[in-house]
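Okay, here we've got a single chain as structure tokens, the form predicted on its own, with questions on binding and movement later.
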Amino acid sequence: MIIENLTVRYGEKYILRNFDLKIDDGEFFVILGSSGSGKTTLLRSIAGLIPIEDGHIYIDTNDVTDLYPSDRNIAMVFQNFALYPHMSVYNNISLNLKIIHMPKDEIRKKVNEVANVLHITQHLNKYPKQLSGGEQQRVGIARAMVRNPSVFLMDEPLSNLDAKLRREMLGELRSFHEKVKKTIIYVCHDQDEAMALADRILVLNQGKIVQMGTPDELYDHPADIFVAGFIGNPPMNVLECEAERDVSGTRINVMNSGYLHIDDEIPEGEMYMGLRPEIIGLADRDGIPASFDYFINSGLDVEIHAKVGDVSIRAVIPKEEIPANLRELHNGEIMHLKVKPGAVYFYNKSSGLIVKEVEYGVSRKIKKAD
């Protein structure tokens, strides 16, 4: 699929402007962004559900810009399941095939095929109210799948499910994609969903592409401060700092609370430093002081929330590394932190763009300011 120069506006407000995008055939492509980023507008433009001001949309090399949604060979799966409550599962799935007067035997064959793929064969004679949320969502996918479209468009299809069902459906969707090998364009605002499902992720903000790449590329190499804070759970810590050159590299003044020595050369001046919670560790009294807030025990790890000055900082620590005395800390008590080996990111304070990404060494620590 190719999108060229797409422009969409509501009244005087442009939602997408001169927007270009290429999605590979058979790709599981996730459009990720917060509310108002333009992601649903983009999806509905591809579907032909809203008018566009300018641009072209190509599916299978065919220009579908001026075609009705029904003529674009696409299928949509919506946030709400949109099942007909008075129809059986079988009739919900087969409805579109009946509308085009497909022979009954062929309809039965297609419905049974998709029901088998999605593990809902035993539910074909039931009604939607007799199904769980996850089962209803499978029926919605089956209704789209039975048409054998070139592209599946999915608009936050898991947002109405509880956490357990959502997690189960992530696996189901990946399995479904492996079986059908069709292009899926999936819109969501949940980065966990995006990371679990996508071959590639497009991060959208205010109608513009901030970054696009594989889940690992976005997590390991966030191109700006927005992506750094959006990808990762818990998100990256972003701290003000100032870089000063010295003989052996660069000394980083972290919020006037401590110093971090980087062997690489970093441009001098004020900027933001990004630290993943996983590389924040516990230190003795030589570390940077932080005010303890609370911790969350997730089983294998403990997520510690603290403050350096007025800025919140999160650390994810393996449970076996947590000393007994830390479990007895109360809100406001002082603890000490260090930076463990790993990637450290520096961002321009004005533009938010990446300045430099460095691999922090094995022996270095944040040290408390004198």
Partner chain sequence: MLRSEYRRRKSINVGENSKTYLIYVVSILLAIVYLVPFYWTVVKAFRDSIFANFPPNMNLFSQTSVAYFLANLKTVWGFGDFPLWYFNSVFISICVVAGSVFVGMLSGYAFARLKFPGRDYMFYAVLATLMIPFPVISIASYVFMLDLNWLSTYQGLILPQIASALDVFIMRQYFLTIPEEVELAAKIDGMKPWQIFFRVSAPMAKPAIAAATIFSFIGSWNNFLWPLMEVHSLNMFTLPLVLNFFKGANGTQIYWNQMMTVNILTMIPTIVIFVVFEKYFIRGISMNYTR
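So that the term is clear: the rigid core is the largest set of C-alpha atoms that superpose within 1.5 Å between two forms. Numbering follows the first chain given and starts at 1. This structure is a prediction, so every number in the text was calculated from the model and none was measured.
There is another form of this protein, the form predicted in complex with the partner chain, and it is not shown here; the text below is about that form.
- Site residues T250, V308 and L353 are none of them in contact with the partner chain in the model of the complex, judged by any heavy atom within 4.5 Å.
- In plain terms, the part of the chain that comes close to the partner chain in the model of the complex, with a heavy atom within 4.5 Å, is 92-100 out of 92-100, 105-113, 292-300, 216-224.
- Interface residue among Y272, F81, Y259, F176 relative to the partner chain in the model of the complex, by the heavy atom within 4.5 Å criterion: F81.
- The listed set A343, I59, A47, I322 contains one residue whose heavy atoms approach the partner chain in the model of the complex to within 4.5 Å, identified as A47.
- Heavy atoms of M195 never reach within 4.5 Å of the partner chain in the model of the complex, leaving it off the interface.
- Contact annotation: R138 falls outside 4.5 Å of the partner chain in the model of the complex, judged by heavy atom distances.
- Taking non-hydrogen atoms only, R167 never approaches the partner chain to within 4.5 angstroms in the model of the complex.
- Within this chain, M87 lines the site of the partner chain in the model of the complex, having a heavy atom no more than 4.5 Å away.
- Looking at 128-163, the residues that come within 4.5 Å of the partner chain in the model of the complex, counting any heavy atom, are K129, Q136, R143, R147.
- In this overlay on the rigid core, L83 has a C-alpha that sits 2 Å or more away from its partner position between the shown form and the other one.
- After superposition on the rigid core, displacement of the C-alpha of Q211 between the shown form and the other one stays below 2 Å.
- Core-aligned CA deviation for V139 between the shown form and the other one: 2 Å or greater.
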